[in-house]
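The chain below stands alone, shown as structure tokens; this is the form predicted alone.
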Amino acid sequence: MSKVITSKSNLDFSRSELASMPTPGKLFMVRPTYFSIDYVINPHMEGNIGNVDKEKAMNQWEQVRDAFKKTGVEVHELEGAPKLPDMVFCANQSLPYCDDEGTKEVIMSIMHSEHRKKEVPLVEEWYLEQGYQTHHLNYKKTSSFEGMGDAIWHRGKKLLWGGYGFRTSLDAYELISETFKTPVIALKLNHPEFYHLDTCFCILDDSTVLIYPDAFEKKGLELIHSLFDTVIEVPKDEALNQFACNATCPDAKHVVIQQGATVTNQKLRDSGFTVLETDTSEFLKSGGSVFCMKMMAW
């Protein structure tokens, strides 16, 4: 089923009617050896050029890695590259996929910023080593697509949630839907500080999602509420200052999240999730946190 859905009126299926999709059992992370803030490509970076404690960043990165290992997921580590300070945010360069027969494919990104375009072929090398078939979008048909920063698989279902408006073009999802033969729920983002879908939307399990509601238009919120039984809302200060929605729940039980999101963490616990708090404060300066720092894969 290939289609891009932008409003509830176009939604002609329920969650239970969707085809199943294997859940990823491993992830990779890019070591922050070369992480720094050398330019401004989102509002969070403003005033932070040159303001990274590299030793602290490495310690924080290792803390996030170790939290993922506690959940039982297999963790692969990639080395970064000189002059690519944002490569550590490895949710952005690709969108992997796996079907029920174990066939692994990946669509490589068209990064919005020229500063980040050279990251993509380096990440592609890992996929080729892992036996993935790689795809590249047609530059003539879409201008930008930033991987799982904006495109997030519904847990266990062949359904893609796609944010657009700042780093990814809406027309990219037509190409992705055709390539993977999957429906895409396209959500327009309306706040520049929540420039990727992963800054305001975190799928926890098949029926539960964590969101910052003001990052979306009314049409988007209607779609979210139509396909999730439980929608946990994050307060503005925690969404903006702790990047609470940039969490990750790799096993439908443990939520790895930036520390200090008190209200959000209590809501997660009340919903039956186990919270694993980490400190990503050095990465928050660059507009990223837990979700941005890893890529779930098969």
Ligand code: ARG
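All values derive from a computational prediction rather than experimental measurement. Position 1 is the first residue in the sequence shown; the rest follow in order.
Below, we refer to the form predicted in complex with the named molecule, which is not included among the displayed structures.
Interface residue among 27, 45, 252, 57 relative to the named molecule in the predicted bound form, by the heavy atom within 4.5 Å criterion: 45. Proximity to the named molecule in the predicted bound form, taken as a non-hydrogen atom within 4.5 angstroms, holds for one residue of 135, 154, 116, 219, which is 116. Picking from 101-109, 83-91, 67-75, 210-218 the stretch near the named molecule in the predicted bound form, with a 4.5 Å limit on heavy atoms, gives 83-91. Contact between residue 199 and the named molecule in the predicted bound form is found at the 4.5 Å heavy atom cutoff. Within 4.5 Å of any heavy atom of the named molecule in the predicted bound form lies no heavy atom of residue 297. By the criterion of a heavy atom within 4.5 Å, residue 163 is excluded from the residues contacting the named molecule in the predicted bound form. Contact annotation: residue 195 falls within 4.5 Å of the named molecule in the predicted bound form, judged by heavy atom distances.
Applying a 4.5 Å heavy atom cutoff to the named molecule in the predicted bound form picks out 286, 287, 288, 292 from 266-298, in order along the sequence.
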